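First, one chain by itself in structure tokens, the form predicted on its own.
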């Protein structure tokens, strides 16, 4: 059913190479520049037309869409004009992604950290991670492209440490023909919970020895030589979809982002790229009047972006790193494909918001796990990347980078349940030495067996209930009323 509220505006999208500046039309499957191999950003060459609408009008428009009953406008495409404004309503794929809750930190945890902060729970997306934002846009684009070209079959392919494959397989299974899903995973580097998702969605799951970066090289070769739809963050349409995170944060805070500090795990650098791009678009259109501050966070086990920005501005040299095992699996990437996008957008961000507008902080594996466990003991549902962000906020506070009058928003990119295995390793002190994680005994937890199994045998329910209650009373030291 078509809805009269769906936007009539259509832009004109082009791929823009960040290395050589070449431009290509958006109606083709491109991921790197055919001229030089550089990565793309997508640009709406008609963006200037959007400036004819003032900021208050945009804010009112997006706020009114919050009550829309149109499926196409319920998720990330609430912000249609800012993202991929060439698709028709019938192209939009919606599985309930986006508009994820922002939950203020529990008061004791807030007081412990020393500054107000909130988690944006992107683990409450359909496949339980932020990757659904990008996939909703990428698969909507693929539907649009397949319809225009009348393609009979397109293979979607991605490399993944878990979340990307889960999201790609989910959306491919929903859309169906002409799309088919294949995912490449580094053998033994994906949690059982994450592996179960693409398998459950019916994707062809292929494993290779090595790490994510190795699988990514295979996928890149396939995309360069065959007609396949690459769904990693090299895919510029995914970046557009992930911009919605920025729009939602701004809208939640009533379009006032002054004194907001966003902490984002870097990983392959697609998400932090998208978030900066989204805020810059809103700033350009007057939807927001100031920029927030963006903090990238990296583990010391995979920190090439931190190392780059830790050097003085005139002495920075990009150097990929060999990664070590990390609990923040999605961030265990030594050569982020979106680094050229980070450099370009960080320059613009600092130019518009000042030198403190973009920074990168480093954390340890120990800090990540301690922070994840502590956050969840205070009622949150943070993944290891969410722990990484809380650890990043704590370190930023210690370094004097975040003031008492600022408010932080932490990106919990996935649901805590995806990382139950790491929680179990923490509680049982079972981390291999390479992780460099020792549990804090104050945070460990384990079930307790109050009675032996034979205590239940030969007793009726009433007798066993009395025996069980006595055991609970003894364990908890309860006083009779």
Ligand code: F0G
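Numbering follows the first chain given and starts at 1. Because the structure is predicted, anything quoted here is derived from the model rather than measured.
Although it is not shown, the form predicted in complex with this ligand is what the next lines describe.
Enquirer: Heavy atoms within 4.5 Å of this ligand in the predicted bound form: which stretch in 413-421, 34-42, 443-451, 48-56 meets that?
Expert: That would be stretch 413-421.
Enquirer: According to a 4.5 angstroms non-hydrogen atom cut-off, is residue 163 in contact with this ligand in the predicted bound form?
Expert: Residue-level check for residue 163: yes, a contact with this ligand.
Enquirer: Please check if residue 330 has a heavy atom lying within 4.5 Å of any heavy atom of this ligand in the predicted bound form.
Expert: Residue 330 belongs to the contact set for this ligand.
Enquirer: Even though this ligand is not shown here, does residue 387 get within 4.5 Å of it in the predicted bound form, heavy atoms only?
Expert: Close contact is absent here: in the predicted bound form, residue 387 is far from this ligand, nothing within 4.5 Å, heavy atoms only.
Enquirer: Would residue 270 sit within 4.5 Å of this ligand in the predicted bound form, counting heavy atoms only?
Expert: It does: once this ligand is placed as it appears in the predicted bound form, residue 270 has a heavy atom within 4.5 Å of it.
Enquirer: Using a 4.5 Å heavy atom cut-off, which residue among 292, 134, 265, 198 comes into contact with this ligand in the predicted bound form?
Expert: Flagged contact: 265.
Enquirer: Tell me, which of 279, 212, 245, 139 has a heavy atom within 4.5 angstroms of this ligand in the predicted bound form?
Expert: Contact residue from the list: 212.
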